[in-house]
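Starting off, we have a lone chain in the form predicted alone, written out as structure tokens.
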Amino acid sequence: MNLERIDKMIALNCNVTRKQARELVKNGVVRLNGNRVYRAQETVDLEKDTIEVDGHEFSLKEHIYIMLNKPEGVISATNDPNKKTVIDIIPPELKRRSLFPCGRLDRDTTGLLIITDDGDLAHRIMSPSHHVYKTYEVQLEYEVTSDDIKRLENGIILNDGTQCLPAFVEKINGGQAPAAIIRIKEGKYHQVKRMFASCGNKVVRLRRIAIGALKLDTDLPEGGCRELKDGELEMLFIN
């Protein structure tokens, strides 16, 4: 049994403040398992109970996990006064007040980004000690060579002297432009771009296609998002 106060769960699931949630309960528009409630301190079982607010029913969730296909030009931040953020493009039905991106993708990088309000999960994904690999599809200015691959897979040293952990690299053949797949478990600033720059190459386009064993849903258009399905959360930690 996992019990929480009803005002807390309304605030989480309805994207309102705790004060606003208490007002909703006080005004009599909240039902717990079909019965109207008036006490904000009423407890609910996250595994069994359902809540209706103004006739809208929702399942109780302590946390939410969203797969976003990040588009180009949007920054990986919770808020910014001048630029559109990944939180800005989450639809209202999935929004919560405490959402944030797990890690970051550069403004011009597209692809898989997990949005959540679960700090523990974010730490597990982003910390190199948890060995969560991120896979990128890279379009390059020049063909990647066997020597480049060897250097990257041995742990390349960046132009500023930074040592990178070993990566996994696969050249993509037959495309219209030079390209490769690279898997890394770090998240240094502009890391993939700097790794290829250290090989004398330039990243033209960068797209993250997987975190762990979880692949970006090919049905999601750029800017599209959805909640993770059963079993997908665990896939983040399978390499």
Ligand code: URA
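Everything numeric here is computed off the predicted structure, so don't read it as measured data. One-based numbering along the sequence shown.
Absent from the display: the form predicted together with uracil (URA). The rest refers to it.
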Partner proximity in the predicted complex: Lys193 to uracil (URA), non-hydrogen atom cutoff 4.5 Å: yes
Examine Leu206 and determine whether its closest non-hydrogen atom to uracil (URA) in the predicted complex is within 4.5 angstroms. yes
Do Cys102 and uracil (URA) come within 4.5 Å of each other in the predicted complex, heavy atoms counted? no
Please check if Asp118 has a heavy atom lying within 4.5 Å of any heavy atom of uracil (URA) in the predicted complex. no
The chain here is shown without uracil (URA). Which stretch in 26-34, 185-193, 40-48, 58-66 comes within 4.5 angstroms of it in the predicted complex, by heavy atom distance? 185-193
At 4.5 angstroms, heavy atoms only, are Asp106, Thr109 and Tyr136 all close to uracil (URA) in the predicted complex? yes
